[in-house]
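Presented below, as structure tokens, is a lone chain in the form predicted on its own.
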């Protein structure tokens, strides 16, 4: 079988993350040979509910809940070994033995990265991203400074010691320059991380070779993005972003394989908007309306537990996601959460300095001053399980009108409707 017959699918976030990608990845993963994370770290979180059982994942792809696919953590991911080991043991305690491979080229988070993250966030003030304090930005920084430590180094203690000497001293110097004290001990870190390496050794390999061979054989590969378009370090609302590229175009560099044509690039979009972190948010709600939507949608961070900021759907943002990712289709999630609202505003443009803007501005000043322009659509009543069984045509006309309006505005087809957190609560169009 040639590589042109391979089935390659990517699932990415079309908003600020937390769109429901975990469920959608789980929905598709049963047919995949490999399910792959290609960027980010344990600052991301996916919640998947299968047969009433809830699984909270941060590093391991959501496809791990199936027996067949191999889960891959690519070189573009930054890994906290302690967090990864905790997640492996968490799944094992739930009766899931992860079929997992981790790139030997993935960079690792060390304790000084977390201290640096705290110091950096305090220093940045109003320009901070609202970090989860997991050490993500500093480890990507060390990667670019070229004194980062990779998974393979944990398997070579002498090399690890050599690299740690430089990286530890560099980071501690900066942390102290920020006016922070540190009780970190280099030897303790070394001994602890060598043991992490011993535990993780069976999982560490050159996953780019595995993926290349799979691609050549025409097998099915599913890529699971973390976070969303507005957090992309190049195309998002910079500097209020994450520290990696969240777009589908990062797949090749984040895995070590160029896959040519990707058959499906699916953007996951929540029927409204939520955001964990700091930045302007033009369609944000506050007061009772925000509390109602947040509580109904259970909008609390998977990783941090923080209450998410919520707002009406922002199509300026989704329009950018379609363009930058080359989306072939959209999955619209959490439509059930909007049930009962008499009227549902949708932001289709911004007003900035008396101009109507339909694309995301690069200017931070413009984004801070952006005012949402809304189209008010009629709401719908409660959605019932029999509607899922009967399909899209059984949904209320006003809900179908909502879907069509979004499609017309973003020039992308909505092919899947998610009406609940469980795998079966899904409508294919």
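Numbering follows the first chain given and starts at 1. Please read these numbers as outputs of a predicted model, since none were measured by experiment.
There is another form of the same protein, the form predicted in complex with 6-O-phosphoryl inosine monophosphate (IMO); it is not shown, and what comes next is about it.
Colleague: With the partner left out here, check for me: in the model of the complex, does some heavy atom of residue 130 sit within 4.5 Å of 6-O-phosphoryl inosine monophosphate (IMO)?
Modeller: Yes, contact at 4.5 Å.
Colleague: Looking at the partner-bound form in the model of the complex, is residue 372 within 4.5 Å of 6-O-phosphoryl inosine monophosphate (IMO) by any heavy atom?
Modeller: Judged by the heavy-atom cut-off of 4.5 Å, residue 372 is well away from 6-O-phosphoryl inosine monophosphate (IMO) in the model of the complex.
Colleague: Quick check on residue 236: any heavy atom within 4.5 Å of 6-O-phosphoryl inosine monophosphate (IMO) in the model of the complex?
Modeller: Result no; residue 236 lies far from 6-O-phosphoryl inosine monophosphate (IMO) in the model of the complex.
Colleague: Going by a heavy atom distance of 4.5 Å, is residue 278 a contact of 6-O-phosphoryl inosine monophosphate (IMO) in the model of the complex?
Modeller: Flag for residue 278 set to yes.
Colleague: Only one of 251, 211, 106, 136 comes within 4.5 Å of 6-O-phosphoryl inosine monophosphate (IMO) in the model of the complex by heavy atoms, so just point that one out.
Modeller: None of the other options qualify; the answer is 136.
Colleague: Report the residue, out of 226, 73, 247, 327, that has at least one non-hydrogen atom within 4.5 angstroms of 6-O-phosphoryl inosine monophosphate (IMO) in the model of the complex.
Modeller: Going through each option in turn, the one that passes is 226.
Colleague: I need the one stretch from 358-366, 378-386, 394-402, 42-50 whose residues put non-hydrogen atoms within 4.5 angstroms of 6-O-phosphoryl inosine monophosphate (IMO) in the model of the complex.
Modeller: That would be stretch 42-50.
Colleague: Can all three of 18, 231 and 242 be found with a heavy atom no more than 4.5 Å from 6-O-phosphoryl inosine monophosphate (IMO) in the model of the complex?
Modeller: The answer is yes: all three residues contact the partner (heavy atom, 4.5 Å cut-off).
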